[in-house]
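Below you will find one chain, with nothing else, as structure tokens; this is the form predicted on its own, and questions on how it binds or moves follow later.
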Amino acid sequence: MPDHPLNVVLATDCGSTTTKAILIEKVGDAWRQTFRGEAPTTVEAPFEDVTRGVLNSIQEIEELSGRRILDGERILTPADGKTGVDLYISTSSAGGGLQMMVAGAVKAMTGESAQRCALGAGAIVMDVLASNDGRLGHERIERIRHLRPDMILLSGGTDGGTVSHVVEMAEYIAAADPRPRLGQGYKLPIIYAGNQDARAKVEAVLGEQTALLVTENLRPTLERENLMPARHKIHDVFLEHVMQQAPGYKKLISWAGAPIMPTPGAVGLIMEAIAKRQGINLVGVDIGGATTDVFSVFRGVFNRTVSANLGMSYSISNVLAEAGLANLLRWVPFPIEEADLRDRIKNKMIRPTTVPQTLDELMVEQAICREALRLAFDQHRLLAVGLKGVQQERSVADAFEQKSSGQSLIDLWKLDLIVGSGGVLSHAPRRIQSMLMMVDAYQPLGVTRLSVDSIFMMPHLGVLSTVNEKAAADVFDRDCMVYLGTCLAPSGSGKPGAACLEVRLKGETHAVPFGELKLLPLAPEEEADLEAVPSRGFDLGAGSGKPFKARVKGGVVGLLIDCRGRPLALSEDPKVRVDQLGRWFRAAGMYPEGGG
């Protein structure tokens, strides 16, 4: 952290394919994002030096802004007029990001806690080992050898609980003698965050052979998780061990005025900071070519999951495999042969950088996006759980039962904001397309606000929030978030065309029948009082058929009234379903006339 005043900040995110740089400047009392540059990431051959891509992206900012930032390969600090910057910060997922294995005593308890801990730190979890995972000893050893993670998180046992299971997992790791993914001749980092009573034995087994670090138990009692100490340790190890082995990172670390963070960890930080600052519950998603990250903050508890096999290009065939052809077809608003859809998906996989060239291709891509978002959200709900309360009685059977971690924290009635990020959402030709893709995938209830990340700057803002929270929040609100509008959706089901909801907004009354969508204009800075009366059997949160009042906020799309029911049901008959989708898409203005 610099000791001079902060007025100009330069931030980069080294992605797996693109390095993105942004300039953030103080304008009056507020902070704004002013210029942006990008260049290909250069972590692989022939360059094998991540700083080349960073310098190229900074040079683009120099050309656009007229500010001199570089002196050869040196970033000029502090800023002096139109020369230099006050602080340089960076995030990185180049070289495949942070890849970890986690191990716990019981899969549904400490194994699950370890997984939540690693995911929250921004890692891709390659596998979860546990004493009750159904594998034989030699299979576990073979798996550890084969995967070559960047580090392993070993947990297990509450304080004063089991020792033998934890030591057994340590012995499997020792027997595998795993090699790290990057760098030759250095020991694999292992973080031990388990039962304190087992520390001495774990150190005896792994101390010589690995770079063992010990931190607080992440599950000190059955009812309590303590994930932050282990998460901080993961970040430290990522910076000191893993990043030091990647080409050019030592130089990059020396330039940065704050620790370099894994990209998803930084996105998680800004999500957490915004939820805390606004006192809201939120769900965020970053859908990429290979993976989909889902973040949530409910009741102040942060969770992140990564669906490493769900994406829009490299992993697009996995979306087909997991969702099934019928689930993809249900969102395509025109008749299409199954073989044709399969061919389109395979073409996207082998040519991942292509973008849709026709309206039909765009509709197919957005149909696939809905299923990728839905599947990733379903996976997130399983892991984002609150532990059972101390007051609850626990039997031995309950402790080993799969649902021992308790209920999902995700409550769609209490969800205030959905944040979308990633090319298919941020760069959709019409903003209503992004909004409806997320509404269809998540099916929010009651009143929910939706937004997208304009140019993917959440990682930059996440690392900035560790240095200056106000600067990060200012830019997040003013330049990063494009507020799409608000969705109003009652729960319940009925006959198509039957009365469902009567909405009064800005002096006008709108009756919306069941099975329909209606879009009302409400500008980005506008707020309005809404009164709604649902028909019997429908509920907006006040109870079945009970009147409902709320203050709703506008956006570039407006207020979307969704009376299609929850869960949203599409007709089994292909012809009826195509008509259904066409009607909804026309009502929302999704595509140019004649399309859908």
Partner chain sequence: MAHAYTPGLKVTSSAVVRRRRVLPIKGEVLVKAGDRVAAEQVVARALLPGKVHTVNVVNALSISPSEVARFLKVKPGDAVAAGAVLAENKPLLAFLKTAVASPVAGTVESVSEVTGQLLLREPPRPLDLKAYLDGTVAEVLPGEGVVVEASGAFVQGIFGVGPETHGEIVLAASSSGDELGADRLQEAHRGKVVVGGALVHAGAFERARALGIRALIVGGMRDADLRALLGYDLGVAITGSEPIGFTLVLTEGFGRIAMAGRTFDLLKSLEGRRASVSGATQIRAGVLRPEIVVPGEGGGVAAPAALEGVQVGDPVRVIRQPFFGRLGRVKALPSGLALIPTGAHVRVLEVAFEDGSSAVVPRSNIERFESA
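Numbering follows the first chain given and starts at 1. Given the structure is predicted, the values throughout are model-derived calculations rather than measurements.
The form predicted in complex with the partner chain exists for this protein as well; it is not shown, and the discussion that follows is about that form.
Can we say Ser493, Ser544 and Phe548 each have a non-hydrogen atom within 4.5 Å of the partner chain in the predicted complex? No, because Ser493, Ser544 and Phe548 lack any heavy atom that approaches the partner chain to within 4.5 Å in the predicted complex.
Interface membership of Ala308, the partner chain in the predicted complex, 4.5 Å heavy atom rule: Residue-level check for Ala308: yes, a contact with the partner chain.
Any non-hydrogen atom of Ala321 within 4.5 angstroms of the partner chain in the predicted complex: So Ala321 counts as contacting the partner chain.
Closest heavy atom of Ile141 to the partner chain in the predicted complex, within 4.5 Å or not? Yes - in the predicted complex, heavy atoms of Ile141 and the partner chain come within 4.5 Å of each other.
Closest heavy atom of Phe35 to the partner chain in the predicted complex, within 4.5 Å or not? Phe35: no contact with the partner chain in the predicted complex.
At 4.5 Å between heavy atoms, only one of the stretches 510-518, 310-318, 235-243, 412-420 reaches the partner chain in the predicted complex; which one is it? Flagged stretch: 310-318.
Here the chain is shown alone; which of Leu129, Leu375, Leu362, Ile432 has a heavy atom within 4.5 Å of the partner chain in the predicted complex? By the 4.5 Å heavy-atom cutoff, the listed residue in contact is Leu362.
Which residue, Glu171, Glu223, Glu203, Asp197, has a heavy atom that falls within 4.5 Å of the partner chain in the predicted complex? Contact check passes for Glu171.
Only counting heavy atoms and a 4.5 Å limit, does any residue of 329-343 reach the partner chain in the predicted complex, and if so which ones? Those in contact are Ala339, Asp340, Arg342, Asp343.
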